[in-house]
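Two forms, one chain: they're shown below as C-alpha cells, one block per form, named structure 1 and structure 2.
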Structure 1
Amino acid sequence: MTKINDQAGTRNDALSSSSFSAPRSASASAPGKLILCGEHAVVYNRPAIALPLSQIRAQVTVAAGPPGTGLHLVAPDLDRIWSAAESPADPLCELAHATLLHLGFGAVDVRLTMLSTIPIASGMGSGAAIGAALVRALAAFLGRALDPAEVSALVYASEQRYHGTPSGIDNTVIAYEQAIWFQRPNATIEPITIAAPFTVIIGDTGMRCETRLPVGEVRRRWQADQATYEALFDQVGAVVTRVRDALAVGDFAALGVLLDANQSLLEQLGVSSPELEHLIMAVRNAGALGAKLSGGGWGGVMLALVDESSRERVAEALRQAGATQVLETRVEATLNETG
C-alpha cells in the first residue's frame, strides 16, 4: 500500500525553534490531478479514480510583511497583487483566513506569492492545488504541520463556497498525493493497487470551462429525468469498479476498453464537446488503448492510455489535431503488501 506522506511538499526556511517565532519565509507545493474515470457520477455518490500529477505543481511562498500591512496575495503569472483588506471575499483570502483560524492565529502580516504550472480551468485541479499549497505554506510559516485530511477539508470548504456541489475528489487526491478510489457521501478514500506502471498522455483542447457549468447542466438533466441519469451513473460506477480490477492485475487492454466506455457514458451525460471528441478520435486512430475526457468537460483536457509502441504516435497525433498542450505522465506501480 502506498504510504501517505504527511509533510508532502512543505519546506520551512525558518530557523528551527521549539516556540513559534516568525520565520523569514516558508514554501509549499501541491500537485495537479487527473480524474482517470468516474467524473460527474462521483457527484452522485458513485466511485471515481483520480491520480496526482506530481510533475505539474502549484507553489506558494509566504514571506513576513511589514507590521500592520495585513495579508497580501501576489500572482506574478497573472500580473496581479491584491490584499485581504481590499478583497475580503476573495476565495484565496477567505481560505487564508480559514487556515489561520484553524491554526489558532488571528491577523498576520504576510505576503503570499503563488506560482503554478497547472493550466487554469482545464480539469487538472489548478484551483485546488493552489489552495492546498497556500494552506500548507501558511501552516509551515507558522511552524505548524497539517495532515492531508486537514488540508483537504480546508480546501474543500473553500471550493464548496465557490463551485456549488464539488464531490471533494480534487482536494482529496491533491492533499494526499496518491492514486485514490474516492466515493461520497462520506468521502471514503482507498488506495488503488496498480500492478504495473503505465503511461497516460494528456491533450489540452485549449478551451477553458469552469467546472460548475457542466456540473450544473448535469444537475438540471438529472432533475428533469432522474431514472435515466441514475441509470447512467450506475453504469459509470460499474466501469470504475472494473477499472480498479484491471489496474490491480495490470490488464491495460481491458483498461483501454473501459476508458472508451466511460467516454461514451460522459457523452450521454452531455459533458463532452466536439473539440474533446476531435482529440479523442485522433488518439484512437493513432493506436491509443483507450481515451476519454477528464474532469468537468465542455473543454479542458482529455487523456489517452498508451503503450510503448503507440506513445510517440499518439503525442504527435494530438499536436497535429491542434492540442494546445500535450503532457505525458507515468503512473507508477504500487508496492504490494508482501513486496
Structure 2
Amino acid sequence: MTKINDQAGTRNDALSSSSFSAPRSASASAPGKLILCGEHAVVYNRPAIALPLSQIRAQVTVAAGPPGTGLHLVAPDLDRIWSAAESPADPLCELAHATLLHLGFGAVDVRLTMLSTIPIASGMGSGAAIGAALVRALAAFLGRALDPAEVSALVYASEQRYHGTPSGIDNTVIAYEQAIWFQRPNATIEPITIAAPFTVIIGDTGMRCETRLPVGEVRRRWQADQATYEALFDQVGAVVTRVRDALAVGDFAALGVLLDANQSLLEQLGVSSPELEHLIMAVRNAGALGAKLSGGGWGGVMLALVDESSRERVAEALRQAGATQVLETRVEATLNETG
C-alpha cells in the first residue's frame, strides 16, 4: 500500500477551531464497495474484482465546536454520541487523530456527524467508507485536500489496527472510486477497464454473519480435501478472468452468465444460504441478466445485473421476496488508469 509521508513541521500543540482560519463546517463522502466476483477463492491466491458503489455512500460533516471541548463523534444511525477523550482507542477516534497528525495538527475542537446508506456488516465496506469520508471531511475543514493515495493509506492503517491484516481492497476501491483487480500473494491491485456503464441492484437478506465464520469453514473443507477445493478455486479464477474481459468490451449478456456461474461455484464451496438463494432465484425469474451473493456469504447481500427493461421488475421482485433493503447503483465506464 502507499506509505504516508511525514508532514514537515508537524504541530503537536492542541488547536481550537477558533485559532485558525477554518469554515464553520465541511462535508465529504465516500462510496461503498461490492465484490463483483472472486470472493473466497481470493484468499487462495486467485483474483477478485471489486467495484465502488457511487450512489451508495457514507457522509461525514465536521463542524466547529466550543474551545476546549475536543473531538466528538455523532452517529445518528446508531443513536450514539462519544468523545475521543472518553474513547481514545475507538477506531474512528484513532483515525481522526492520525489524520490530524498527518495534516500537521495535534487536536481540534470539532464535532463529526456520520451518516451512511451502506448496510453495516454486509461486506459493502461501510467501515472503510465512513473512514474515508471522515479523513476527507476533516482535511477539508482544515483547509487541505488529500489525494486518493493519502486517504487510502490512512484508512488502510486504521483497518490494520481494527482488523489485523485487511486485504487492501476496501480502502483502495473506496478512496479511488475505481474498479479494481486484486490478487494475492503479492496483493496486486490494478484498475480495470469498464467499456460501458451498467446497473446493479443489491438485495439485503437482513442476516448478518461475521466474514471469518464462512472463511474458516472453507478453510476447514480445503484442509480436508485440497484437490477438490483447489479445482473449485481454479474455476472461480477462470470466471473472474472472463468477467474482466466481458467488462472491457461491454458484453453484459456474457457478464450475467458469468455471475451465475460464480454463484454456482460459491454454492459448491458451501458459503451460500437459503435466504441468499431465495433472493437470487427471485431476480432471475424477474429477468436479471445474472445474480450472485457478494462478500462472505451465509447471509449479507446479493447482487443482480440488470438492464433498463428489467431494472424495476428486479427491484420489486426483491421487495416481494423479503429483502430488508433494496439498493441500486450505476457503475460508470472507466479508463484503465487510477485516479
Ligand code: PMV
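Computed from a prediction, not measured in an experiment: that's the story for all the values here. The term rigid core refers to the most C-alpha atoms you can superpose between the two forms while keeping them within 1.5 Å. Start at 1 and count along the sequence of structure 1; that gives the residue numbers used here.
- Between the two chain copies, the one drawn from the form predicted in complex with this ligand is structure 1.
- Comparing the forms between the two structures, the C-alpha position of Y156 differs by 2 angstroms or more, with the core used for superposition.
- Relative to the superposed rigid core, the position of the CA of N285 differs between the two structures by less than 2 Å.
- Relative to the superposed core, Q235 undergoes a C-alpha shift smaller than 2 Å between the two structures.
- Aligning the rigid core between the two structures leaves the CA of L146 offset by 7.3 Å.
- With the core fitted, the CA of D77 sits 3.7 Å away from its counterpart between the two structures.
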